[in-house]
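Presented as structure tokens, the chain that follows is alone, the form predicted on its own.
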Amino acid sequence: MSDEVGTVISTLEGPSTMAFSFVISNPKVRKGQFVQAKCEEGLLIGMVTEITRANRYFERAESVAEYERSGGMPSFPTAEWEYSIANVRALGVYSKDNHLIRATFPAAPGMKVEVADEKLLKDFLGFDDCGLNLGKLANHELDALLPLNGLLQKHVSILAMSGAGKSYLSSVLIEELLDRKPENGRVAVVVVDVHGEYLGFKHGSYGQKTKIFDGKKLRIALHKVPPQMFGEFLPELSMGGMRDLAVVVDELKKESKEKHEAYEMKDLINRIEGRKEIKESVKGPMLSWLYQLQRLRLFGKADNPSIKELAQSGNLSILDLSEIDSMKKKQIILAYFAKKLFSARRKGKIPPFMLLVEESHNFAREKAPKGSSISKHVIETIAREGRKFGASLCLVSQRPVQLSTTALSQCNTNIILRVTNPYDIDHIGESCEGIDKSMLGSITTLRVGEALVVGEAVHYPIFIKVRRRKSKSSPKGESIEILAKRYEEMQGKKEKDVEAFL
């Protein structure tokens, strides 16, 4: 039987079908905890939303003044007058025939309140024995086993301020996907790693399941880039210039098939330079932008990696962009490979996959000039249509207010760690369904490793304590203290080497 924690009381506001309060009799009660109480319809399940303490002796100013003048009156039993009240949001009822229904009749004053039974709570929240274990349900010893379908079918976002544990939680999510057994269903995991925070997966127990693709060695097969994608790579190009470029690209593609030889950027540039029918006012800017693409050293005769290399069931592929400075190059890489992954998945050529995009607000910014929105379109496309084909997005961001509203609103599960920026909090409240004002207020007080999960993955919003990761952390994620010490050691070693040489 569950632990008894208090008694339902009558207040000016209730009990009602939406909420009730109880006097606390057990110090185990905490904000965010799930409790249960019997009612006419069955067993009422609720979550503690707030706890208040009161003491009638200290309600009157003159009593407090007398208390202070007498030095605290140690003989007076003021502590016995103290009591605590928990306010509870009613979530639903387990009927007597074990069906989950909404509450249509309130709990009665005087009824005993208990800590929610964990077996009942597991079913009530929608946890799955084969789900992804991200940690413990806050204030309970119950593993938060989130179902794969609920979490990934309609995309997921991980939102938090810098240093609150976004990458740590993302690593735990990746571990759970890599640990899944084939009979439970596995997906391919592709990570766009902007800062090299996931490189630790290559070392340790996940090494054999991990492939790292160096951003400087990534290549896009130019002959596989369709004319419309050139329009995304060159958003500044006019409609007339786009038509002229499409004609040249189609010609080169046809010749390439006949000769069985892929063309390169220099071939495209040479062809455009020799094209007299293209107006000089159009040709000049077009060539300038193509030369910019050429300087990125990104286009070649073949894709590296191939899409089949990139997406393999139960494996992790990391596109390491940490050594690339150009944001345009990063966006082109994401736009091209994301589009290829989605296309291949629609045709059934690769397994279902999760594409995790770090710093997603930089790749799909809500308000951005054309030249900075190269990858926004494909992210929004996968967000809208991916669920039909097993193409899932995980958008990780520290600035949700800057992230595309279209993309964020399509993430039907949101995992939110600590956020303090008021603009980001307002945006989260507007974009994420199921979050009330009380939960928004709690987001600012979350400690590192605590998260709010809301959306399709759970029947009701929950707070969790993220479990410890099993994979190794990346050396690029080390603390500034360790980096400073290492630098001092290296400098000291260099000085000794110089002295020894002299």
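Counting begins at 1, following the sequence as shown. As the structure is a prediction and not an experimental result, all values here were calculated from the model.
The same protein also has a form predicted in complex with a small molecule, omitted here; what follows describes it.
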Note: the small molecule not shown here; in the model of the complex, the stretch from 143-151, 164-172, 226-234, 241-249 having heavy atoms within 4.5 Å of it is 164-172
Could you confirm whether Gln398 comes within 4.5 Å of the small molecule in the model of the complex, counting heavy atoms only?
yes
Just checking whether Val466 would be counted as a contact of the small molecule in the model of the complex - the rule being heavy atoms within 4.5 angstroms.
yes
Contact test in the model of the complex: Glu197 vs the small molecule, heavy atoms, 4.5 Å
yes
Partner contact for Val448 in the model of the complex: the small molecule, 4.5 angstroms, heavy atom
yes
